[in-house]
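Here's a solo chain for you in structure tokens, the form predicted alone.
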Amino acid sequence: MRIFASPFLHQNGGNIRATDNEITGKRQSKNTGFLLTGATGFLGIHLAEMLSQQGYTVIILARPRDNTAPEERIKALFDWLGTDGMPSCVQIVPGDLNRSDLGLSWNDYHRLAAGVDEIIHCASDTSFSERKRAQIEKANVENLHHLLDFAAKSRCCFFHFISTAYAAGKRRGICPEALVDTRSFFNVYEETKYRAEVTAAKRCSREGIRLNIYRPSIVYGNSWTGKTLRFNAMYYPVKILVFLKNLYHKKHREQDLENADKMGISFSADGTAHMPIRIEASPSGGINLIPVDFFTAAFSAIMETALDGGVFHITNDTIKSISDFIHYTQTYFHITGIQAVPAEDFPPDKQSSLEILFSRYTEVYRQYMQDERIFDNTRAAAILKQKGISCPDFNYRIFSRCMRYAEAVNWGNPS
């Protein structure tokens, strides 16, 4: 395993753009202008809210979508968060990361450059599909070059890059909080986030811009309210199980019993579904889950404290096993028959029709349901401990909050 020499600070002969005192002084007086990308996404809008609550000037680069202006998109998200209108410290700049000039006129480009002290890059394409490789590479790598070009031309002194813990790639055991030479990945998303990290580190070092790389694991909704904008990742396998239960329960009520019988699904008088599905599980693996409220608190603490730059894993020390996840799902949704089994007890040629159907829907998340990667978070944990910040265990109580919210909003689908 080759770890790159630290590319974060003083690698260009000490020619950094701002001293520690200058950075902290501007932050304390709330004179720092933060440029934020990806604010129309789940993590991005939470970071926008957090920064605005702290009194910073937040400049959001966003583009129109579906004939909706950027201002309307951002305002709708602040409304969803429960904010009383869009904060006055938030400015919207209609722009486009897909373009080398960020979609701005020459005057607007340089006017923006003069007002940006730090950049938080949260925009990315989180798709896993290889058939979308060109699209994902464009969003995660090429567009980063456009933003780094802007950073070099601006007065930006600190670049905050939201990556992912899974940029570690195909690895078993400990994954260091460092840039590690990695060649093998489970999907194009992991690969492009890794490539983006290396790109950002090299360019920021050359330009004298400090760099923090934040690597969250799988982020779910708010641990207190269950609120979320996205129902992928840990939600998706549960959503598929609920969909199958409801589908065959409907057939059962309509006396279309043949289809349910073929799948081995049956229902008791109280509506409990028996769904015999084996899910492959690793004895030592599981799902690393963090709530969005922990992510934003951790980001804020690390941003405030880690002025020398570095890589920080924002992860959960307690891995949630597939068995626990199955137990929560069966208890909440009144299902029986699902069980976690080791790979040797689950050969592909011995799967039932129901198991094949479930596997087909959830294949993209299979690796993350039995992940054996262990994310070293020594540097991040030291900062969070000092600030009294800890990640809650993803227990049944939090699972229930998340599922209640998912049901209340029909899993994000319009009624």
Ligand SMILES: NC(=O)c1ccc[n+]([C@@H]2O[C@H](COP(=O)([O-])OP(=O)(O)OC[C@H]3O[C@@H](n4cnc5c(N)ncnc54)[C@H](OP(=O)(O)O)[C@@H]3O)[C@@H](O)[C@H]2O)c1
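Don't overthink the numbering: it's just position in the shown sequence, from 1. All of these numbers come straight from a predicted model, not from anything done at the bench.
The form predicted in complex with this ligand exists for this protein as well; it is not shown, and the discussion that follows is about that form.
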Partner contact check in the predicted bound form: of 201 to 209, 118 to 126, 273 to 281, 247 to 255, the stretch with a heavy atom within 4.5 Å of this ligand is 118 to 126
- Task: Using a 4.5 Å heavy atom cut-off, state whether Y328 contacts this ligand in the predicted bound form.
- Result: no
| query | Any of the heavy atoms of S52 lying within 4.5 Å of this ligand in the predicted bound form? | reply | no
query: Taking heavy atoms and a 4.5 Å cut-off, does K30 contact this ligand in the predicted bound form?
result: no
If you check in the predicted bound form, is R230 within 4.5 Å of this ligand, heavy atoms only? yes
Residue within 4.5 Å of this ligand in the predicted bound form by heavy atom, from T164, S223, N187, S266, is T164
Taking this ligand in the predicted bound form and a 4.5 Å non-hydrogen atom cutoff, the residues of 204 to 222 making contact are P216, S217, I218, V219
